[in-house]
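Quick heads-up: it's one chain on its own, the form predicted alone, in structure tokens.
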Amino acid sequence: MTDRSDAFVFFGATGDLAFKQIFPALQALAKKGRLDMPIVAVGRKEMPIEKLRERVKESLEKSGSFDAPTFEKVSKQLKYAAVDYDDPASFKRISEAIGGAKHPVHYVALPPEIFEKVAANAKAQGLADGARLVVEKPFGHDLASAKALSEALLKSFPEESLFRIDHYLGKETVENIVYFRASNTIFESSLCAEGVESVQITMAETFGVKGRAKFYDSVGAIRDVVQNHMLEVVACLAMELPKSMKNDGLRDARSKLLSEVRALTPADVVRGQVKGYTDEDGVDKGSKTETFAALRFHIDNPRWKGVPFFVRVGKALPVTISEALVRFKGPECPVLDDKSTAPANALRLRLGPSPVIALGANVKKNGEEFVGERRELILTRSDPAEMKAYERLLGDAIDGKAELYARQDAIEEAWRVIDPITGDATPVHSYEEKTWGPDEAQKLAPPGGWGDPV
């Protein structure tokens, strides 16, 4: 198969993800000359091409990324094909739309239960040969269903042609975790059991589930973001660095680390549900779905033996922030007496909404006493031209680069870790909006307590 695709086929073009993320990403690729090919939007209902172009333009304007010359170019490349996912013959319309393209990339932003139909129908119409299939999470709802989904897709596309998106892996700030470790040996040598007391990762959102309530109630916080996004961040922080980014080295390293994460038990989890959640349209009135979760992970390898990794995620929390906080072990130096014992150093890696890398360090206070005070050395970067996750990931799929895509073995390892505590394995505790979850979460706090981001 050629390294580069020659047509972009987009299933789910009328959906919310397309409007908010994908159309801006496609324009960004086109602006850089990376999307010089037919762009075929696929939906269930007939739609005039002018109406599709209007929707694309509205998306770009609302995202603040509209660029008139690029939009004009994309408009000329844009086509529409109405298909019935239950009718393989209707997929002929896609063949007609891509013309003579031999190596299309099929991006599927649809519910997972439709993945298999799209793959099988594409194969039936000769659209799988030399092509790639890109699918969005969730990849199943447990280990068994994740395996079943993979087996179904493999009937139509070989493993090397399957690209499974976890958009968190395409975020600049998550990529920077690996680069920061690899390029700064002073920190990399300390990221181990000898130097680290604990690691905590927080993904907090001030908003609730409006617009996603029906879907969210079927999955909950743990399946929605812990099994994928948060465990991938754990892997990037804790894996042994690969010797090369080539030959699947990065994905091998992430998968190996996840295989060493111990399966969770009920004692490792506290679940919460924000008050008023069951009043949302689409939510079952007796729902026990969690909108908050605090979890404790252990990695069974020599590097991280005894170091707990804490993850906290939730809706309707005080701030919208994602960050990792590495707390190093405290100083044990006789020259520091009881009166002046300094707090432990900490490394803070903010993943969003804006990137921050900060080191908590101690310095002596002015004066005669040999006592100190805490300071934070902060490195920030704000680049309006920063490549967004979907631009990076879709561009990589077009080019055949899979390093930032989730691989099936890593997905299965993550489900192995999560499976024992999903569903009603643990109780769900109520919490108020704009708080850091239920009081019970404090029972699962890291040494020194949670480091609440601000």
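Just count from 1 along the sequence shown to find any residue number. Since we're looking at a predicted model, the values are computed, not measured.
Below: the form predicted in complex with 6-O-phosphono-beta-D-glucopyranose (BG6), not depicted.
> Please tell me whether the candidate spot formed by H167, D224 and H229 is one where all three residues come within 4.5 Å of 6-O-phosphono-beta-D-glucopyranose (BG6) in the predicted bound form (heavy atoms).
Answer is yes for this spot.
> Within 4.5 Å of 6-O-phosphono-beta-D-glucopyranose (BG6) in the predicted bound form, counting heavy atoms only, one of 371-379, 175-183, 250-258, 207-215 shows up; tell me which.
Within 4.5 Å of the partner lies stretch 207-215.
> Which residue among R296, K79, K137, R327 has a heavy atom within 4.5 angstroms of 6-O-phosphono-beta-D-glucopyranose (BG6) in the predicted bound form?
It is K137.
> Just one of A235, V270, A122, M203 has a heavy atom within 4.5 angstroms of 6-O-phosphono-beta-D-glucopyranose (BG6) in the predicted bound form, so which one?
Contact residue from the list: M203.
> Using heavy atoms and a 4.5 Å limit, would one call H106 a contact residue for 6-O-phosphono-beta-D-glucopyranose (BG6) in the predicted bound form?
Heavy-atom contact with 6-O-phosphono-beta-D-glucopyranose (BG6) at 4.5 Å: absent for H106.
> Should K171 be classed as touching 6-O-phosphono-beta-D-glucopyranose (BG6) in the predicted bound form when contacts are defined as heavy atoms within 4.5 Å?
Yes - in the predicted bound form, heavy atoms of K171 and 6-O-phosphono-beta-D-glucopyranose (BG6) come within 4.5 Å of each other.
> Could you confirm whether H141 comes within 4.5 Å of 6-O-phosphono-beta-D-glucopyranose (BG6) in the predicted bound form, counting heavy atoms only?
Contact with 6-O-phosphono-beta-D-glucopyranose (BG6), no.
> Using a 4.5 angstroms cut-off on non-hydrogen atoms, would K315 count as touching 6-O-phosphono-beta-D-glucopyranose (BG6) in the predicted bound form?
Within the cut-off, so yes.
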